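One chain is shown next in structure tokens, namely the form predicted on its own.
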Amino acid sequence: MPDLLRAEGIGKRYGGVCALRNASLALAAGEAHALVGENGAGKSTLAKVIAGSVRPDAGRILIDGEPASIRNPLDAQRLGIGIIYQELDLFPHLSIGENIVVGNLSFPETALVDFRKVDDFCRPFLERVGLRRRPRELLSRLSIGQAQLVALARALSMRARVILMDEPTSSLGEDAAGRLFRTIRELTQSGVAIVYVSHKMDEIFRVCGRATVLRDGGNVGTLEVPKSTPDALVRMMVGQVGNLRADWQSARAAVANRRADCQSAPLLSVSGLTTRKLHNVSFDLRSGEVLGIAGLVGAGRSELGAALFGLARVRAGEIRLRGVPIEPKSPAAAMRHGIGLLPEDRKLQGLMMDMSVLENGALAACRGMRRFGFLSAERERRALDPLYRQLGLKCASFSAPAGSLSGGNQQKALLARWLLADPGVLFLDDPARGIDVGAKQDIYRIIGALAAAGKGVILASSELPELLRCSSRILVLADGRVTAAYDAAEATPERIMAAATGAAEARP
């Protein structure tokens, strides 16, 4: 029986950068197949080639054993191929329903839009992904995690035989991710094939039957996931032996040591903070501490960072920095106080995609980059080069636009900006989102180094293992309220999830 889809000898170059070289993928009907590799390995590029949004320089794609011509996304859709991008291809100014039906060959076009038909068409797919929102509601009112569920509903509505998912849980909480996994099982049982692009080992071993590993744009091999281990998969990805358990134990010991050193007066004190989304949030952050923020999608994690960084209006409460009351009413005011924010959505809220990698890195520290009143590219390069090397950022040139980088390298460029600005308090909103296993270790080391240097780090994350690994304490939010606070030694996934779902009493 021929494969449902086979990509053979795919090659793609962007100027002097080889994104894919003789890459291949074989996909059977009814399987969930992981596509893994480090940042820049070519995973997203291969997915985009199959989905028709990138034209390859070499190779071919076969559907049911027959060569297929995929020149654009509509060609792919006609062949039964859908994709959910890591950077969502949705329209914020349109409604949820309009985003689902636009360009959708499964929805019959008419001269005039019948919004009742749009509602009726979209509602079952929204229910299937667990998004309880009206189809006529504007997409801009949703969180990025909810928007990701809209993208999934859109792919399901196209009745695709092959669905490519590029980091589908990068903005989803535990509950939404669990719902996604159930949906994937239902789809594979009905014969749909899933290509699952992810860096999360626990998800790959939970969802997928096989995994194809890419490195430097080429194939390393394909293995049976149930017969393998995370260490073996990491070894194929990075070319060296990984010892995840030893890393975990070492990181937990480091957290315990940091916690013992964090007994000084609070660096940042938040009391009764209330915004449109947050209600009476209070906590202290000390120098050298990593305060984890846990919660499901919509709990208020990102909103807390927005309030501290002057992006959300504070209705009540007090913020004290080193004992002095402050009112960060704008990002500029927050930065003057020494507060930084690495946002959840690097594309819409973080990077200037058309500006160079160098310019993006220097944005938060422009004052120190001037020479005779003008920005000095040489000063920017001298300041950023060691940071980019420290983070392992891969790019053809520092003058290349940020939009040309892979998702993980974009995140590294954004993190380098704040390392250069050197704020006293740094709010990291899902900093390892879309980051491969090796780069995650780099990010975790940077977080530890920031704490060791006496900075106050607030780490909001949708990944419980990440919070448990990096945090000195963990604050749990639900519906904009603090429901629990745990020291690192007493925090467990079960306790955190119970507090995040309202199954636990609020604790001081």
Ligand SMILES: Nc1ncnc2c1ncn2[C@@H]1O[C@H](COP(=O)(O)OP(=O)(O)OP(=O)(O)O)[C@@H](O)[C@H]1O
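Residue positions are given as counts along the sequence shown, with the first one as 1. Values in this document were obtained by computation on a predicted structure and should not be read as measured data.
Another form exists, predicted in complex with this ligand; not displayed. Remarks below refer to it.
inquiry  = Looking at E380, E167, D430, E289 here, can you tell me which has any non-hydrogen atom within 4.5 angstroms of this ligand in the predicted complex?
reply    = Partner contact (heavy atom, 4.5 Å) among the options: E167.
query = From the list Q77, T212, S406, N99, which entry has a heavy atom within 4.5 Å of this ligand in the predicted complex?
reply = Of the candidates Q77, T212, S406, N99, S406 is the one lying within 4.5 Å of this ligand in the predicted complex.
message = At 4.5 Å between heavy atoms, only one of the stretches 22 to 30, 63 to 71, 441 to 449, 43 to 51 reaches this ligand in the predicted complex; which one is it?
response = Result of the contact check: 43 to 51.
key: Exercise: K200 in contact with this ligand in the predicted complex, heavy atom 4.5 Å   = Because no heavy atom of K200 falls inside 4.5 Å of this ligand in the predicted complex, the answer is no.
query = Does the 4.5 Å heavy atom contact test between Q86 and this ligand in the predicted complex come out positive?
reply = Yes - in the predicted complex, heavy atoms of Q86 and this ligand come within 4.5 Å of each other.
query = Is E38 close to this ligand in the predicted complex, meaning a heavy atom pair under 4.5 Å apart or at it?
reply = Flag for E38 set to yes.
task = Spell out, yes or no, whether the shortest heavy atom distance between V17 and this ligand in the predicted complex is within 4.5 Å.
result = The answer is yes: V17 has a heavy atom within 4.5 Å of this ligand.
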